[in-house]
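In structure tokens, one chain follows: the form predicted on its own.
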Amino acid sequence: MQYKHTLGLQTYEFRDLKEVMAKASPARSGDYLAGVAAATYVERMAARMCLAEVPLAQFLQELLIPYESDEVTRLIIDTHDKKAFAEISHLTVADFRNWLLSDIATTETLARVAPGITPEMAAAVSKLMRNQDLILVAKKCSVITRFRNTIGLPGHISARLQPNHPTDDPRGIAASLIDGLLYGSGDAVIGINPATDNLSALMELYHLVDGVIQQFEIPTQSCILTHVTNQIQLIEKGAPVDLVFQSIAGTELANKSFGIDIALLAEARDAARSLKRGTIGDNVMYFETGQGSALSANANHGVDQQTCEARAYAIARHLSPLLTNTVVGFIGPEYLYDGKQIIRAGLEDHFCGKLLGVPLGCDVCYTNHAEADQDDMDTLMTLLANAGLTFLMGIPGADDIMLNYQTTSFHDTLYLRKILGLKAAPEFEQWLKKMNIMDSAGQVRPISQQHPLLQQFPSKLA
């Protein structure tokens, strides 16, 4: 297939589908760093016009990364559902955009065709969409998962309670944990980024969080965000592991830089499921992704960073996680330069993940050397909540003192629930009301020193 488009007196020609995809992408610093971005706005528009005419079926014939050299490509092709694809197989990328925006594409229809959509198709159509298009379609996508509570129901938004501490001090972690619970956060997961990879120290963290969950009968799940191989070892040693975490990327080479492959992730999933710790479901995996990870590992194969990101969702979809989130501004301005680029990337990632059937949340965040601020994060989290975001982060003061970046706070979750009428996971909300943390109208109550969470907390952590 030839890729060219004429604008005025100039004809723009592109070598292949990979180049069309890269140059059709909205401007972002990572693609300029990789040398794949359009040189001008006119060239970008020519690439988009060219991409609009590409049949969806072409993405099954012209692979952006060769099948023989990349296991993510092989996963995408080998698991492609031809029956689900048949409903949209006659469409071009532009037709697909119009179809997604139409009333024909209902929640039920989108769920039915999701297994037939490849990450490259999702990335391609997103490049032709305005922000409002990404929001409208993502809102129609419903992805529901379960472990000890139900995540992703329409009209709900969950929060990961993230009680990080720079030295893994149990009392510091406990203080953040209590704070988050009393603000109604933690229904997605209580997830700690540990400062250490020492297995004995990690075991203590698992028992710390699990002890609190068991003592107060909290319908949620815990996760310690260490490498997947550590978690497999800890499962073998009897650790109370609920969710297995791992960062993933969209190419085999990038995942090798993380020390993982798909078989290892499947092994970890099976190990976690063997513990049978879920009470209402067995979605045991938690994945994090982020635009720029493949390029930062010199493993993007000339593919634009947003398409690489979408390819990571193929791995997530294959392993049926409880949670997946893009850490949208964490890598830094080398990949997403400013607030405008971070906002666009967050909306793209959420759209692509949900369209593919992945429970997509977002760490709405930025590093302090990016041209962004908390107002940009307010804008992005409000847009994402309107788009049906599965979950976001909750950290005291929105300032992660362990990882040194700015994200969202417990208060931000309350704001989104209040302004948009959203609820916590139903099982968790029932617990909040039983504990007198939330009133019958769903509002968080003022807390006195006599509250059970404060009075009955393990004495060694108080």
Partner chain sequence: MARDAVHLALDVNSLADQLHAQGLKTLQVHSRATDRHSYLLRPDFGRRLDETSVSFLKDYSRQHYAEKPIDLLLVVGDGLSSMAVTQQAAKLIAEIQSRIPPHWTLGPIVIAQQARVALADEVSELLNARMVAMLIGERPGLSSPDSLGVYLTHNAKVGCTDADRNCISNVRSEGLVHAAAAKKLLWLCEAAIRMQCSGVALKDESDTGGFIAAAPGLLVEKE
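It should be emphasised that the depicted structure is a prediction, and the values quoted were computed from it without experimental measurement. Positions refer to the first chain, counted from 1.
The same protein also has a form predicted together with the partner chain, omitted here; what follows describes it.
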query: 4.5 Å heavy atom contact, residue 333 and the partner chain in the predicted complex; finding: yes
query: Proximity of residue 99 to the partner chain in the predicted complex, heavy atoms at 4.5 Å; finding: no
query: Contact flag, residue 171 vs the partner chain in the predicted complex, heavy atom cut 4.5 Å; finding: no
query: Distance check, residue 60 to the partner chain in the predicted complex, heavy atom within 4.5 Å; finding: no
query: Non-hydrogen atom within 4.5 angstroms of the partner chain in the predicted complex for each of 145, 235 and 274; finding: no
query: Listed range touching the partner chain, judged in the predicted complex by heavy atoms within 4.5 Å, from 194-202, 382-390, 107-115, 145-153; finding: 194-202
query: The partner chain: the contacting residue among 368, 79, 214, 279 in the predicted complex [heavy atom, 4.5 Å]; finding: 368
query: Among the candidates 227, 74, 139, 207, the residue which, in the predicted complex, approaches the partner chain to within 4.5 Å (heavy atoms); finding: 227
query: Any residue of 12-36 that, in the predicted complex, places a heavy atom within 4.5 Å of the partner chain; finding: 29, 33
